[in-house]
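First, one chain by itself in structure tokens, the form predicted on its own.
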């Protein structure tokens, strides 16, 4: 039998990291067992669902490298089929019309709250006669369809992550609402638990992998599976992603959408790698820097932890920096050039861009870092206080004059690393000046401070962009 897994997001917001990790776990396991990874867009909430969120989810999956195997299914296209199955449950006696008004439900909950009881429907209309139903309808009352839940029943299943799970019928909040309100004998639009069961069965889903916040839904859905004589899939419930306080990661924790991670400069390979280790780790202790293709070869749902996984910026940043360091220079340079272009900065040549990429690569944590770190190579940096203090030193002024005269007299318009080293060495020997003093003087001229990237490589780049001499000159004028 073909193994089939699915991601079933609701397009009511941007693609969240929690949904992305669920997608990743589904994709990894599908790869591991030779199955298929499918997408179902659960867009039956017509008020909150938006096409732009659907696009955002699909684009985010593509960016992360999580390719699906069949055309995504839209749940809203299947509403009439959902209603047919609700009708079957009505006809079989597993469901009934409930005319309890919203005001009556609110009053019931208020009474339960005063008594210290959990909110739970009292199933008051479970045994209405046909005459009762006709009376309510003639009075213009609307009804939902409720699924009967036997409070004495024990629902059990073996979860691939959590082992055996037991749930009591009396703890499910009363008979389950399957559809929204409708007039007369109509059936309203289906709700989540009914639609999920019908669609998972239609898609022949064999494994349902989703967050632990769905455990109670699973208990309810198993009852619906059984009432409709559907074959049960294998269930797995992943731990939640937590913030530093041990609470569920949310928008209050700032960055949560995949778009935001991308905009901050995280590589898709790094983010996917990190997400795989959020709640999971291989038993055999493999390297932490692994592609999702490599991870899928030994990924097991049973290795996922039951406890919540704390999100760590430090760990994500480290993984991202490792991917940046190992990326082929030309490929990384192409990505970095996009950041420069967005700033209106143009590299003198492709070779120059690659050289600057190599120079800065080891100091980049996220791609956006390159804007700040490369800015001094495109724009004249101001001279900071420590630079101004150093320029007041007569030796500094003398060093810069000697270097400038050397460049002008020998008509050196462009130099490489070796030539730059030669100039420093020659002036140092001929004028008995320490190389360190010469290099610090140049660093102040080039960057306006006493820190920065490798000076010799920087000089080569500034020489090629024809800005090294002008930077030296401005220091001599300002001192």
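Keep in mind that this is a model prediction, so the values were computed, not measured. Residue numbers count along the first chain shown, from 1.
As for the form predicted together with ligand GLU, it is not shown, yet the points below apply to it.
Though the partner is left out of this view, residue 277 does not reach within 4.5 Å of ligand GLU in the model of the complex, counting heavy atoms only. In the model of the complex, residue 463 stays away from ligand GLU, with no heavy atom inside 4.5 Å. Among residues of the shown chain, residue 192 is one whose heavy atoms approach ligand GLU to within 4.5 Å in the model of the complex. Ligand GLU in the model of the complex is not approached by residue 45, whose heavy atoms all lie more than 4.5 angstroms from it. Out of the listed residues 181, 210, 120, 141, 210 is the one that sits within 4.5 Å of ligand GLU in the model of the complex by at least one heavy atom. Only one of 161, 196, 224, 399 comes within 4.5 Å of ligand GLU in the model of the complex through a heavy atom, and that residue is 196.
Comparing 210-218, 357-365, 103-111, 183-191 against ligand GLU in the model of the complex, the single stretch with non-hydrogen atoms within 4.5 angstroms of it is 210-218. Contacts to ligand GLU in the model of the complex (heavy atom within 4.5 Å) from stretch 1-16: 6, 8, 9, 10.
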